[in-house]
Ligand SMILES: Cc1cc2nc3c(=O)[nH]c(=O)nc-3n(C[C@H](O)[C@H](O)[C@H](O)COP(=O)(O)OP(=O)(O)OC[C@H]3O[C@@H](n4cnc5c(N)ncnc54)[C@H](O)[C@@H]3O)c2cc1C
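Before any questions on binding or motion, here is one chain by itself as structure tokens, the form predicted alone.
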Amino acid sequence: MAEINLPRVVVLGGGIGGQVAATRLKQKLRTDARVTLVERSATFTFAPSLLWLMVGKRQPRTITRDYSGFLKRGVEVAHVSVTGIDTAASEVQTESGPIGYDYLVVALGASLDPGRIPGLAEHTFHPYDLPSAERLRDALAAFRGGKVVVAIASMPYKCPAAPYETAMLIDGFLRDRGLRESSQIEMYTPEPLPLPVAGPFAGHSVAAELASRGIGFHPRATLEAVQPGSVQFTGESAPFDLAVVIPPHRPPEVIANSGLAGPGGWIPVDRSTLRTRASNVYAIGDNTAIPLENGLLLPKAGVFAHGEAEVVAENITRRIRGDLLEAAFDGHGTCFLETGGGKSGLARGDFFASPVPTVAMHRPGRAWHAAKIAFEQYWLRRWL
């Protein structure tokens, strides 16, 4: 009977942030609370490795895991879809019935919305989920040269470096197959520079990497539609033989209907504690909107979801134990930038720095590439 009265902590979403939050909460609270991870999918794919899968460097089985490890840690796992969040009743609605909570962590990520742009789903590829990355892998394997367009449809999008990594990995893929001289790669983005949130030095550094590989860079490009063989931007048309377009992103529908969302549909949170407008609800990762002092938003990236999850797990633990002192998320982040040819760069810095983020860029090298591989293996062994 005692377990029935234990505080219940529910984590929505089994991505990077949800995995860390659920694991840390159980490690800290042990038998003092019930921790439930709600994730509709039976398996998890390590998203950073999808770019390697795209160019044939990984197989789905090597970057996919199930959630059985959480059960071994004492975390309850519910593979159900969330249909609603009732913050007044402290209850999550699911397709299998309600789940009550004392504390809730919302880590539902961002949803892809290719249907927002006419022709995008029908005529382009992207590597942002496993089925789509496999389609792109097959298209690249069949590609025999021509014009490749890599584009970002709109802001915001997950992992600021990924589209640029995509262009450079495709460049390396074509070079390995002797197709680069008969091919052209053009990169289009609505941003003024790559990685604008990281500052002009980082942006110019990435732009220089593109230029050194003969990849054309087209900033401030607003994508309007895609037709067979042509991407339509405002005032410009880009013909292609292969188009790789990062689709628009949107908040999950359940968030929009929950009362937690802000004007843009994302969840506003206290940037230190990650609390939402509901005092017993926290939000982390891609479904949040955290403004920075330069007027931009904290990037939607796994490294930040991880850091936020550590803070939230600590703060929920303290509240359950009656400690009013809260830990604070510091806005620090690290990101690998894969450049092809067995090399990777690294961006690292304080994104909460005033008045602008302070981000250091480390030049691409084989050591950083090896570190990225090591991080992939660490994650798949440690957290799943």
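Note that the structure is predicted; figures quoted are calculated from it, not measured. So that there is no doubt, residue numbering starts at 1 and follows the sequence shown.
Although not depicted, the form predicted together with this ligand is the subject of the following passage.
Note that among 58 to 66, 33 to 41, 314 to 322, 350 to 358, the stretch whose heavy atoms approach this ligand to within 4.5 Å in the predicted complex is 33 to 41. Although this ligand is omitted here, in the predicted complex all of V82, K158 and V303 have a heavy atom within 4.5 Å of it. Within this chain, H369 is remote from the site of this ligand in the predicted complex, having no heavy atom within 4.5 Å. Proximity of A107 to this ligand in the predicted complex: non-hydrogen atoms within 4.5 Å are present. The shortest heavy atom separation between L25 and this ligand in the predicted complex exceeds 4.5 Å. This ligand in the predicted complex is approached by G14, whose closest heavy atom lies within 4.5 angstroms of it.
Out of the listed residues L29, A47, L53, L346, A47 is the one that sits within 4.5 Å of this ligand in the predicted complex by at least one heavy atom. Checked against this ligand in the predicted complex, the residues L242, A278, I117, V254 give one hit for a heavy atom within 4.5 Å, which is V254. In sequence order, P127, Y128 are the residues of 113 to 137 having a heavy atom within 4.5 Å of this ligand in the predicted complex; the partner itself is omitted from this view.
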